[in-house]
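Presented below, as structure tokens, is a lone chain in the form predicted on its own.
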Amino acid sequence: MSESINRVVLAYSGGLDTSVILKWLQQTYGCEVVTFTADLGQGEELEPARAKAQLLGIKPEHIFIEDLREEFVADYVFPMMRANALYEGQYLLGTSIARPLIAKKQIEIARKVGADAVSHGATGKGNDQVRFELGYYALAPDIRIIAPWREWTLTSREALIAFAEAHQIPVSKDKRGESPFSTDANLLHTSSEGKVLEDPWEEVPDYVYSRTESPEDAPNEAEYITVDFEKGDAVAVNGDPQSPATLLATLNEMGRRHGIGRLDLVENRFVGMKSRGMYETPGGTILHLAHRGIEQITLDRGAAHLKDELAVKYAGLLYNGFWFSPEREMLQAAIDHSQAKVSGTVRLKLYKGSASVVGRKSPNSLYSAGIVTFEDDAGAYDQRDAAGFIKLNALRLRLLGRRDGR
């Protein structure tokens, strides 16, 4: 190769793709490989990744496995939830929000071990290549990046398996044969795409769902829960204070039982194509709705409406990989400022695929029953004031009407 690479840090899951990448990096670049495996709550045992890396010749001191669940939720998921970010009005950004943290840790490890390059297993068709690499460049402007899917000739699952077998890389039984779909998982969500999901007219088969019960099979009795907030962040469920990661896991289990958080979406990828994916975000869906519920009574109208406008921009930046950009940080500062009084309790009803806010209270509530009541308000609000308010707002419309002969 034209580039001389001494040592590379690989985002490594231990699966087929990244195991093949590990060996390919050794062969193609003649470099030393350092592996990094992040525990983001994907629900898989990660120690086998260590054993597999050692089997492929990685030094024990160059195998990094880190439990990042609390950091992931506290420093990435929660700030995003404060923004009420939804990409294209629906997607809770479960994959997008994990990439900046992985990129950050890879760069930290690269500095620690003196690596001159980093590598990932994202394909040249998707968004993740952009997210990883924008993160790398933001944190280490001169880092070299190796993206095997943009370089090698292994363009099919069969080719990957053949490469693995030729180089004594263990291949699990579930990787052989036709793969029905691919998945990505972390504590916030599970996403599935490809193969059986590539026809957007066909309903998602039941076997694709792994994170939620079918709403039809969910309990016939509704479950009522409460979520407590302090300055925009959830801190307790049903009155039980919990750490960020534990709280999200608790909501995940509640959402799972009731079939909450399923989304079938055809989205616009940053690279320009449309893709169809199925997302399961049980706890995140509950958390998003609860947060909006507490904001309903604690945010002023002007701040709330401006925040809704900012949320669209924020979601787009996050989806496209600009977590470490100055504009995302500027938006975050404004959003976080808005959360100073967003504290209180929200009550939700969970039932057969839906989560509904049914109650909210806060010591910082702006809701005034004395003013809004349809009963006698004892002079709290003078309805005669509305006449002047309406006339002033109508002035330009009246002038237009006179001019245009409406």
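Counting begins at 1, following the sequence as shown. Values in this document were obtained by computation on a predicted structure and should not be read as measured data.
Keep in mind the form predicted together with another copy of the chain is missing from the figure; the text below concerns it.
The listed set 96, 281, 186, 298 contains one residue whose heavy atoms approach another copy of the chain in the model of the complex to within 4.5 Å, identified as 298. Checking 250, 191, 123, 242 for any heavy atom within 4.5 Å of another copy of the chain in the model of the complex turns up a single hit: 123. The candidate site formed by 46, 166 and 231 is entirely out of contact with another copy of the chain in the model of the complex, as no residue has a non-hydrogen atom within 4.5 angstroms of it. Not displayed here, another copy of the chain is kept clear of residue 52 by more than 4.5 Å at the level of heavy atoms in the model of the complex. Within this chain, residue 59 is remote from the site of another copy of the chain in the model of the complex, having no heavy atom within 4.5 Å.
In the model of the complex, none of the heavy atoms of residue 246 sits within 4.5 Å of a heavy atom of another copy of the chain. Although the partner is absent from this view, residue 133 contacts another copy of the chain in the model of the complex, with a non-hydrogen atom inside 4.5 angstroms. With contact defined as any non-hydrogen atom lying within 4.5 angstroms of another copy of the chain in the model of the complex, the contacting residues in 72-93 are 87, 88, 89, 90, given in sequence order.
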